[in-house]
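In the form predicted on its own, a lone chain appears below as structure tokens.
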């Protein structure tokens, strides 16, 4: 049995921000941060656009950012949460800057605020078109410099451990699989912090990395924690169209903020038909517009036109996007970029209050795996990194009040009952089941749904679940099978929550409602 004062599951912006905060406050505390794969492989790493926020130095106002967030979220947001996050933005962004994050500045030395869809002002801080990578690297450096933070990669959270009191449930640790040494460890902790990112891999086409399998949500769901808003899956309207690939390459919202224009197969600009804000409408509107144009087209994508932006500044501002297009043989001076919607972000997740607390004592959740009420039914561009760093700070402030009174739980089962081992004979059938699930969710549970598609998806996922149970009936698990178990839970939750929603709003659109 391993005892750590803090167990942080996930090493993106949420997990690392929180770990740094508590490490600085309690230098004698033992802090364990685990990552399922490499420490650099997180949703944060792939965030291109930036982090939205009203700073004292900006020509902006908090009430404008609040209103933009509410409009994008179809006014289904929690008003107090929106006010808190937007108001706290400056303090949390200052933390990032103090930890070494280098946001772009203009020739006058002032921050170069970008404009993105749904924003009425330039308020997005960025580092070219790889802001997430910049944040991830600087936070990792800061965490590595703190001696009381233990960073462990290739550690997979199998199950959360709760106390024996059913009337007063408390999370007291987790069973962790060390895949390098092929052993299960029992980690007992005073505080468990879930920061496991998104669920994109439940879909065939997603901008999320292969680690985004909804692990934290599935872990919390299995112990009975409150989960909400799982039907609110946001599809990014402009992922680079490709016939194959594990992850859809994102064409940042900032590209349209810089003046890019969406065009159909005939080269016609069409967004004015759908919204007065044209190409800078919120993502839910643009994604449905793109899908509508694709459905009435002979090609499976639309185009993003940046040919009029090739003045030398575009490649400097978007070097990663420019390089990727060049790699695919696209000349951005003359060629349009083929794009299509792809699963991108979950607006729901583990229900938390404004201090990051879940329904179970001892457990906090932060970032994309959590549901805070900030986004309503559709996330405003670049509010995700902001939410993560603000809620990491709020969770830290909450723990300040209780940490000294928390003791380690002594009555703990210090072993994981099922066996985890390699089993190559399971790999192929598991891969096929995963592909089938992803195809099913992309076909029936994507940008648009119908009553019939919901019923079909529900029945088919149940059949996939039964086949999966047959595969692992001897309780001999592999990492891939445990990960697929999480994906199944996520798919079931998305369908279940979609079936009970009676009104279209934001990213949720049922053609029969």
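Here the structure is a predicted model, which means the values were calculated and not measured. Positions refer to the first chain, counted from 1.
What comes next is about the form predicted in complex with a small molecule, which does not appear here.
Q: With the partner left out here, check for me: in the predicted bound form, does some heavy atom of residue 197 sit within 4.5 Å of the small molecule?
A: Residue 197: yes, in contact with the small molecule in the predicted bound form.
Q: In the predicted bound form, does residue 44 have a heavy atom within 4.5 Å of the small molecule?
A: It does: once the small molecule is placed as it appears in the predicted bound form, residue 44 has a heavy atom within 4.5 Å of it.
Q: Tell me, yes or no, whether residue 367 is in contact with the small molecule in the predicted bound form, where a contact means a heavy atom of each within 4.5 Å.
A: Heavy-atom contact with the small molecule at 4.5 Å: present for residue 367.
Q: Spell out, yes or no, whether the shortest heavy atom distance between residue 250 and the small molecule in the predicted bound form is within 4.5 Å.
A: Yes - in the predicted bound form, heavy atoms of residue 250 and the small molecule come within 4.5 Å of each other.
Q: Name the residue from 171, 325, 304, 157 that puts a heavy atom within 4.5 Å of the small molecule in the predicted bound form.
A: When the small molecule is considered in the predicted bound form, the option within 4.5 Å is 157.
Q: Among 189, 372, 290, 208, which has any heavy atom within 4.5 Å of the small molecule in the predicted bound form?
A: Spelling it out, the residue with a heavy atom inside the cut-off is 208.
Q: Which one, 291-299, 304-312, 91-99, 211-219, holds residues whose non-hydrogen atoms are within 4.5 Å of the small molecule in the predicted bound form?
A: This holds for exactly one stretch, 211-219.
Q: Does the small molecule, in the predicted bound form, lie within 4.5 angstroms of each residue among 87, 347 and 391, using heavy atoms as the measure?
A: Spot residues vs the small molecule: no contact at all.
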